[in-house]
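One chain comes next, on its own, written as C-alpha cells: the form predicted on its own.
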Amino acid sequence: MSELIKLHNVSLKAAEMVEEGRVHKALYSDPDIFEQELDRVFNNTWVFIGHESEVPEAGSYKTAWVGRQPVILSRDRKMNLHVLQNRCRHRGATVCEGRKGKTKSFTCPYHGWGYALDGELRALPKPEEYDGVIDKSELPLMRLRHESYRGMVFATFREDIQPLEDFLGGAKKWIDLFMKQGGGYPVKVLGEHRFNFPGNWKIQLENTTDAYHFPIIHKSFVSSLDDATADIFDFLNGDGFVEDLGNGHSVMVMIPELVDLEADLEQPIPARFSELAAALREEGRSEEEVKRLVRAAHGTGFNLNLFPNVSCSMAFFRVLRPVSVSETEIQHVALGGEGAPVAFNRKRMRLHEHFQGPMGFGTPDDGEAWERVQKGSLAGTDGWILVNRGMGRLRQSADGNVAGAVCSETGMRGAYRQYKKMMAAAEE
C-alpha cells in the first residue's frame, strides 16, 4: 500500500532549504515541493493578472492564470473589471479559451451554460429540468478579489490578506517611475509573445534581479549596439544598485540616469534616436515633447521585481507562470503609449524586438542559461546554489532599505526570504 506524503512537512522542508545566502538545488526539481508552492505561495498572495489596457472596452477580456488555476479578466458593460475562475459551475469545463478578445458573454461549450461578463449565470438549456433544483443566482463563475495599481491588475483567492497597495509597499515608488515611459501618454500594452522553457519558475524569478550575468551571456547583444549604447549597458562598475523593497519585491537599478524619464530633458538627443526625433518634428511636435518622447523611448534604467510572478523590466512586463516543477511559461509584454505618436510606439516595438522579441538577442541567451541551471541542478545527490554575492557590502538606501551593488544578489535573497516565510507559514 502506498504511503501518503505529509504535505505540511514537505513545505517545512522547502523552507529549511532556504538559508541566507544559499538555497538547496532540490527546490528546482522536487515535485512535492512544487505542489506545495502552488498552494502556499500562488494561492495565498497577490498575483499579477494583466494590465487594464488589455481590456479597454466593455466586453473585453483576457485569460490568465493564478499559479495553475485558469482565470478570466473581463470588463462588463459598466466598465467594471472582474477576475473570474475559468470553470463552468455545471461540470467544470473552461468557458473561455481565447487569450484575449471581445465578447458579450461566456458560454460553456459542453452543455451551453451562459455567463455574463460579471460572471452571473444568465441562461442554460432545458431550464425546466432545474425547477426547484438550483437557483441561478447562487451559481455565478467564482470571483476572485482583485485590485489595481497604476493599471496593473492583481488578483488573489484570499479575502483576508492585506490590501494590494500595502503588499506593494516600497515598490509603488518604482511602479510610478516605470509608468513614466509612456512619454506623457498612459502606458498601454502593444503586444506580447510567450514561450516555455524547461526549468523551474524560481530560476526566472532570480534572473531579472541578476545583473551579474548580463555582460557574459548577453555579449552578442552588446556587440550589436553602437559604441555609445554599449557604454550605457556596461554598468557593472557603475553607480547602480539593488534594493530589497520588502515582501519579496526588489529593484535593480542598472542605469541611474534613466531612473526618472521626466528628468534631464535638456540632455542632447542621442544619435541613435535622431530618426525618431526627426519623425516627431515632422508631425509638428514641440521640441519639449520630442525630447520627452525620445527619453521615454529608452525605457527605464531598472528592473522592478514584484513577487511572485511579474517583473517591470526596463521597457516591458515579464510574467512567469509555473507549469510544472521543470517547466515555466514566460510572457513578454511590450509597452507603449495610448494615443502616443505612431513613430514613438513603433520605435519602442523595434527596441523590444531587438532584445526581448522572439528573434531578439536576449531571449535565446537567457533561455539557454535557465535550461542549463535546471539540468545542472540534477547533478549529484546534494548541493546548494549560492545567492550570497554582495552580502558583506550591504548598506542602507535613502529609503531605509537594505541595498547592495548592482551585481549583488540582494534582490534574490529578498525574494527567497518571502518564499521561506510563506512556505513555513502553516507551521508557525
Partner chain sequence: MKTNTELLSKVAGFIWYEADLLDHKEYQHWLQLWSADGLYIVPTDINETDYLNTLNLALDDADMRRMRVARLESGESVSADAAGNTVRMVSRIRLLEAGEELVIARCAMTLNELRHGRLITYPADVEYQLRPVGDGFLIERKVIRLLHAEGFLRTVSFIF
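Residue numbers count along the first chain shown, from 1. Because the structure is predicted, anything quoted here is derived from the model rather than measured.
If you look for the form predicted together with the partner chain, you will not find it shown, but the lines that follow are about it.
Engineer: When you measure heavy atoms, are 217, 329 and 368 every one within 4.5 angstroms of the partner chain in the model of the complex?
Structural biologist: Contact check passed for all of 217, 329 and 368.
Engineer: Could you tell me which of 190-198, 245-253, 118-126, 288-296 sits within 4.5 Å of the partner chain in the model of the complex, going by non-hydrogen atoms?
Structural biologist: Single hit among the candidates: 190-198.
Engineer: Give a yes or no for residue 223: in the model of the complex, does one of its heavy atoms lie within 4.5 Å of a heavy atom belonging to the partner chain?
Structural biologist: Residue-level check for residue 223: yes, a contact with the partner chain.
Engineer: Give a yes/no on whether residue 338 approaches the partner chain to within 4.5 Å in the model of the complex, heavy atoms considered.
Structural biologist: It does not: once the partner chain is placed as it appears in the model of the complex, residue 338 has no heavy atom within 4.5 Å of it.
Engineer: Taking heavy atoms and a 4.5 Å cut-off, does residue 342 contact the partner chain in the model of the complex?
Structural biologist: So residue 342 counts as contacting the partner chain.
Engineer: If you check in the model of the complex, is residue 372 within 4.5 Å of the partner chain, heavy atoms only?
Structural biologist: It does: once the partner chain is placed as it appears in the model of the complex, residue 372 has a heavy atom within 4.5 Å of it.
Engineer: Of 163, 358, 109, 101, which one comes within 4.5 Å of the partner chain in the model of the complex, counting heavy atoms only?
Structural biologist: The residue from 163, 358, 109, 101 that makes the contact is 358.
Engineer: May I ask you to choose, among 349, 179, 236, 230, the residue with a heavy atom within 4.5 Å of the partner chain in the model of the complex?
Structural biologist: None of the others qualify; the residue that does is 349.
Engineer: What are the residues of 35-53, in order along the chain, with a heavy atom within 4.5 Å of the partner chain in the model of the complex?
Structural biologist: Residues within 4.5 Å: none.
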